[in-house]
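Just one chain follows, in the form predicted alone, and it is written as structure tokens.
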Amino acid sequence: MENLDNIDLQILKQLQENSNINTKELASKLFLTVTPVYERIKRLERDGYIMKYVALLDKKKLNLGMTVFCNVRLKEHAKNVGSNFVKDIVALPEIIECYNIAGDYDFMLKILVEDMSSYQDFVMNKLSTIENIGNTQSIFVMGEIKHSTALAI
């Protein structure tokens, strides 16, 4: 962040709130002209501070209202075993996040499904087919208290 000034940070904050804001509106909020704001955004994109622009969807309206965190312990920890596990996990669209963690388990998966029956089907027909899974623990979300995609900058 050493190369970012206050204006860059304000641009990033505004884009985190609304990535659809046009350059003219953004320049107006920052009390600047359009050209320097446009050039700063392009530099922030080029330098990798802005990775991509996305639309955040309503998971409940798309019948994906059940969130499950699933901790996974592998049977063995050889490099190829971990690589194969990651390749298999990435291919499953129900898994929207996967973290390699320390502690009792090796990975934590965030899974979105419609309901408990859908999760059971996912576990029985997809997750259980992945080789070298030794143990899993499912944690079911009862309510979402805080969910943000904005980074504290």
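Since the model is a prediction, treat every value here as computed from it, not as a measurement. So that there is no doubt, residue numbering starts at 1 and follows the sequence shown.
Below, we refer to the form predicted in complex with a further copy of the same chain, which is not included among the displayed structures.
For F31, no non-hydrogen atom is located within 4.5 Å of a further copy of the same chain in the predicted complex, even though that partner is not displayed. At least one heavy atom of L12 is located within 4.5 Å of a further copy of the same chain in the predicted complex.
The shortest heavy atom separation between N63 and a further copy of the same chain in the predicted complex is within 4.5 Å.
In the predicted complex, at least one heavy atom of I101 sits within 4.5 Å of a further copy of the same chain. Residues of 16 to 33 placing a heavy atom within 4.5 Å of a further copy of the same chain in the predicted complex, in sequence order: Q16, E17, N18, S19, N20.
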